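So this one's two forms of a single chain, laid out as structure tokens and tagged structure 1 and structure 2.
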Structure 1
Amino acid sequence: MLRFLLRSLLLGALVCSTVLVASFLLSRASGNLAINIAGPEASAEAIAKIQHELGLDRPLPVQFYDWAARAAHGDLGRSFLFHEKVSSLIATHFPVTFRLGVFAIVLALVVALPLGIAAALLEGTMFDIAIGAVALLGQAMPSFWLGLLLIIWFGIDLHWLPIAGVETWTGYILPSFVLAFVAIPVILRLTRSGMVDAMRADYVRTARAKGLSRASIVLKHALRNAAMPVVAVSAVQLGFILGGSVVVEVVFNIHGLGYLAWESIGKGDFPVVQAVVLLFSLIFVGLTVASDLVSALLDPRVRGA
């Protein structure tokens, strides 16, 4: 178990450091950061001055070492444009995105788990086929379009929910729903196929032969085995939801981390972009490591692999 834990952590750390280097290189790849900040009409001296102030005139490895050493101490530098520390920008924008992501994944699980289990138990019936069709429709839905349609229907036509912002908790409903929509088909399909396999397995036949009730067979024996991959994929999906929240945040005008990154990309404010990309990667790696651990705790077979 300890070896498994260490290997999983080491791999996660390696992935993070690779992403760190990659995101640094990406932000410096253009080579004209100072021109972006000074504006296209700035004189050569003004650009040189900005380059010097931001340390952009030093060799790349020196810049990287400096940045990484500060980042390790929680200092992510200053935004070129907001004149604020990147770390405090992130601290103010992160909670909104985090709440959105958590609401979305909970909503996705609440919808997808029961439907997936029901579809598996009713395998081959019209209900099963209808659920499969719903999953297909969900996969094809462009999330920004769904968001706009919901704004028209629930915000304008029915006046039920706010159309922008998250000043009240009702503002979270529509954006969380749109974000959940991305994860629902994946979790639904996985739950269904896992349950179908589990219901055919020997241990379920044994449980039946013992005369256990159907509820106990489904919930205790089959679901526990089918839930394993669902735990893993939910963690991954939460990572995708957070990383992809930019679209929904822009549609609903929610000033979270995705919105901040989008705004910063459009203005060439790369310390912010770099930090947000890095943070999302760290969260993703953290989630996968955590799901590996949960799987290993639940299932001894994983530990040995």
Structure 2
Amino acid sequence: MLRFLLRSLLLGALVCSTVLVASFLLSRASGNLAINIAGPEASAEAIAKIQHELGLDRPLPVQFYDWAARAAHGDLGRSFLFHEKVSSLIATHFPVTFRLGVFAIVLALVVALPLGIAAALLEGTMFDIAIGAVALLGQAMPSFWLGLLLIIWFGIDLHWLPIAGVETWTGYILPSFVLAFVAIPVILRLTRSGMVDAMRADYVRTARAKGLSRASIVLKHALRNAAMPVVAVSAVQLGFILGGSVVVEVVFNIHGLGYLAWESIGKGDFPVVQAVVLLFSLIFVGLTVASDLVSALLDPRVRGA
């Protein structure tokens, strides 16, 4: 078990390092921040002065090493454009994104689990085919397009729900549904596949031979085994939801961490962009490692893989 944990942590560290280096290089290649601050009409001397003050005239490896060393000690630097500590900006914006992600994954589970179980029990029927079509549609539909449709239908036409902001709990409904719609197909199809395999297993046939009720077989025997991969993939999907909140927060004008990242990318605010990427990477890797550990605890075969 310890070897399995160390291997997962090592892979997670490699993924985080690769993402950070890539985001650092891409952010530097996206434009000259000194020009954005000084303005397009600024002189070369003024631009060079700003570059020197911000340390942008140093070699890229030195800039990256300095940032990584400070970040390792909890110092994420200051925003060039917001003139605040990056840690303060993240502390202000992250709770909104976190609540949005939790609402979305809970909604995805509430919708996907019953539908996946029903599709497995009705395998081959029109209901099963329709559920498969909905799952395929959910995977193919862009989040921003679905968000705009919901804004038009429920916000503008029907006036049922707010179309921007999260001043009240109702503001979370539409964006949470959009984010959940991304995770629902994955959880649904995995639940269906696991239930189909479980219902064909020998222990289910034995349970039937003993005269157990269909509800008892489904809930106490088949679902227990089919739920193991669902638990693992749900944790990973939460990471995808949090990372994918950028588009949804922009569409619904929600000032969470995704919106902050979008603003910072557009303005070339490197310290904020790097800190957000670091946080999202750590969250995703942490959830992935946690899902691996849960799978290993529930199924010893995973530990020996």
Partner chain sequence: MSAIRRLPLVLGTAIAGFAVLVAILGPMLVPHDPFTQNLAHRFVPPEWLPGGSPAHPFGTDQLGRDYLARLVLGVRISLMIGLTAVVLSGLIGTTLGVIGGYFGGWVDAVVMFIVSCRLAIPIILVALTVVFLVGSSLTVVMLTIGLLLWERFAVVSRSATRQVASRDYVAAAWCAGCSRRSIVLGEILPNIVHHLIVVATVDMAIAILLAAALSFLGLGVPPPMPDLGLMIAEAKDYMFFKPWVIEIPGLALFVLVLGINLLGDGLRDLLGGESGG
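Start at 1 and count along the sequence of structure 1; that gives the residue numbers used here. In this text, rigid core is short for the largest set of C-alphas that superpose within 1.5 Å between two forms. Note that the coordinates shown come from a computational prediction; the quantities given were computed from them, not determined experimentally.
- Of the two forms shown, the one predicted in complex with the partner chain is structure 1, not structure 2.
- Aligning the rigid core leaves the CA of residue 12 displaced by 3.6 Å between structures 1 and 2.
- Relative displacement of the residue 21 Cα between structures 1 and 2 on rigid core alignment is 4.8 Å.
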